[in-house]
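What follows is one chain in structure tokens, specifically the form predicted on its own.
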């Protein structure tokens, strides 16, 4: 009986993680994060890499930005993006980034709204 219960919990967790990953990916592209941080969240010389960073770190930064804590112009810009994110959005976005799989750039629909990947 325990084995069946553990198996069911694991199956539910796998599907919940997939949904959270997909929602996080959609948020990343819908909020134009890819415009600065790159389609694979790889960053650049001006913008930090977000892919595969620790989830706790990413969540703290987004919560700080949402609260208006910014010590530079680029952080003030991030605060404008973060203030419209809900707690669920931040959870999904940080899950996506911390477990990031490289996005095929050809898979990103580059439309006026920022598109979203796979």
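It should be emphasised that the depicted structure is a prediction, and the values quoted were computed from it without experimental measurement. Numbering follows the first chain given and starts at 1.
Unshown form predicted in complex with heme C; subsequent notes refer to it.
By the criterion of a heavy atom within 4.5 Å, residue 66 is excluded from the residues contacting heme C in the predicted bound form. When heme C is considered in the predicted bound form, residue 85 lines it closely, a heavy atom lying within 4.5 Å. In the predicted bound form, heme C lies within 4.5 Å of some heavy atom of residue 48. Put simply, residue 41 is far from heme C in the predicted bound form: not one heavy atom of it is within 4.5 Å. If you take 51 to 87 and check each residue for a heavy atom within 4.5 Å of heme C in the predicted bound form, you get 53, 57, 58, 61, 62, 65, 72, 74, 75, 77, 78, 81, 85, in sequence order.
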